[in-house]
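The chain below stands alone and is given as structure tokens, in the form predicted alone.
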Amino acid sequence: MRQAFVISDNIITSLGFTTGENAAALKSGQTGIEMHDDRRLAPSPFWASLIDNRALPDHFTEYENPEQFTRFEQMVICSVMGALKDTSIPVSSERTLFILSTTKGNVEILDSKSGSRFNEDRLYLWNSALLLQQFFTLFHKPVVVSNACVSGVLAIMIGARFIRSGAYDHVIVTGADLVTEFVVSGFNSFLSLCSGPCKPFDKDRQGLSLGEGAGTVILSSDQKLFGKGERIIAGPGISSNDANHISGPSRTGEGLYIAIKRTLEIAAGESLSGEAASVDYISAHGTATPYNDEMESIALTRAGLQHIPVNSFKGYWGHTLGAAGVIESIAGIYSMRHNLLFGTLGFHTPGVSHPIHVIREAREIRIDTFLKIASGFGGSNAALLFYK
């Protein structure tokens, strides 16, 4: 069977413009979540992880005139270019596909105080796909994945399936979202924002912290493009929907449990030994909202994974929405490559009814398999296994 090898990646957040810079911040326990008083985004101060408005266009000038592109487009292009620097895939080939994961795209154009100079056609995600096709001279129009907060994990999963099926040889997967007036007001309406950096799985958690960022993973069937080091493979993975509520997760964890269970069953079926797939480490969705963290603890316990080390990255760069699954997968891949578990920033006292093994501090451990899970509005869930 063809495999989807992870051959390059890039992370852009408030903590840095490369995967290495972000990993260094994670190692030092640094958070990018700060209080912001920006009336263009919210009528009162709020906590979030925002990319510096001066740093982004400064980086983008290496590729194009930032005046001609929105912040969202700049972020996507910078992340893709950062990942492409470390590989030689034929970007314009008919055997290469681009997948864009986002929940809101250029929604800042609609924000009442943004004073956007861009045409409202840029709002449409198909328009973003067309712009990226033109910028990178892609043979195919990019595939857009927009399915709430599982979008990023789902996008990598779809990319891996395209490669495994033989439809494409190379897939570029980018997830990106911004913190905008639209986004802040939406989560404020749910009363779900935390008055400080979020605390995933902690008994004193109050809600989530928003973040913005972009992440790019490049997948390929060609092992020779990987370079040195252990090969990391993406897949298999499963998505599910519990149809519980428009915004609230299943109280029994049913949808996420199904996604995890089926993913591990497929992995076991593909194993040459026929043994059940083992999991060394889990990257949770971990939004620090009361219901999400509780649901994940239930699903992991039902799947028999309550003893496996698990963390959440939300305390470092907040919830990056459609980018979260991609950015957090890259952080997990970094953990695999360096056999290093990152702690869960903000976690101190267990606060879920089903005890799970939440990682408190960074430590070294051999990691051969890594499970990324995610859940989102509308009852969406996804699980994706990475392995060496």
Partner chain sequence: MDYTSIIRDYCIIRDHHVIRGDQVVFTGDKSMPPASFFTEIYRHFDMNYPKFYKMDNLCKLGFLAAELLLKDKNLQHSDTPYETGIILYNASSSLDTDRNHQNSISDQAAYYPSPSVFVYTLANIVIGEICIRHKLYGESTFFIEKEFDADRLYNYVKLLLDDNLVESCIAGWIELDSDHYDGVLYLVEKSPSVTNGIVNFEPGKLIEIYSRRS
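Positions refer to the first chain, counted from 1. Being a predicted model, the structure only gives us computed values, none of them experimental.
In what follows, reference is made to the form predicted in complex with its partner chain, a form of this protein that is not presented.
| Contact assignment for its partner chain in the predicted complex, among Ser221, Ser239, Ser297, Gln74, heavy atom within 4.5 Å | If I apply the 4.5 Å criterion carefully, the residue I get is Ser239.
| So which of Leu225, Leu125, Leu131, Ile308 reaches within 4.5 angstroms of its partner chain in the predicted complex, heavy atom to heavy atom? | Here the answer is residue option Leu125.
| said: Against its partner chain in the predicted complex, would Thr103 count as a contact residue? Criterion: heavy atoms within 4.5 Å. | reply: Thr103: contacts its partner chain in the predicted complex.
| query | Using heavy atoms and a 4.5 Å limit, would one call Leu193 a contact residue for its partner chain in the predicted complex? | reply | Flag for Leu193 set to no.
| query | Going by a heavy atom distance of 4.5 Å, is Ile233 a contact of its partner chain in the predicted complex? | reply | Ile233 lies outside the contact set for its partner chain.
| in the predicted complex, does Ala288 have a heavy atom within 4.5 Å of its partner chain? | No, Ala288 is distant from the partner.
| query | Judged by heavy atoms and a 4.5 Å cut-off, are Glu120, Ala148 and Phe182 together in contact with its partner chain in the predicted complex? | reply | Every residue of the candidate spot has a heavy atom within 4.5 Å of its partner chain in the predicted complex.
| Candidate stretches 360-368, 21-29, 373-381, 8-16, one within 4.5 Å of its partner chain in the predicted complex by heavy atom | Heavy-atom contact with the partner occurs in 373-381.
| query | Does anything in 141-161 come within 4.5 Å of its partner chain in the predicted complex by heavy atoms, and if so which residues, in order? | reply | Counting only heavy atoms within 4.5 Å of its partner chain in the predicted complex, the contacting residues of 141-161 are Lys141, Pro142, Val143, Val144, Val145, Ser146, Asn147, Ala148, Leu154, Met157, Ile158, Arg161.
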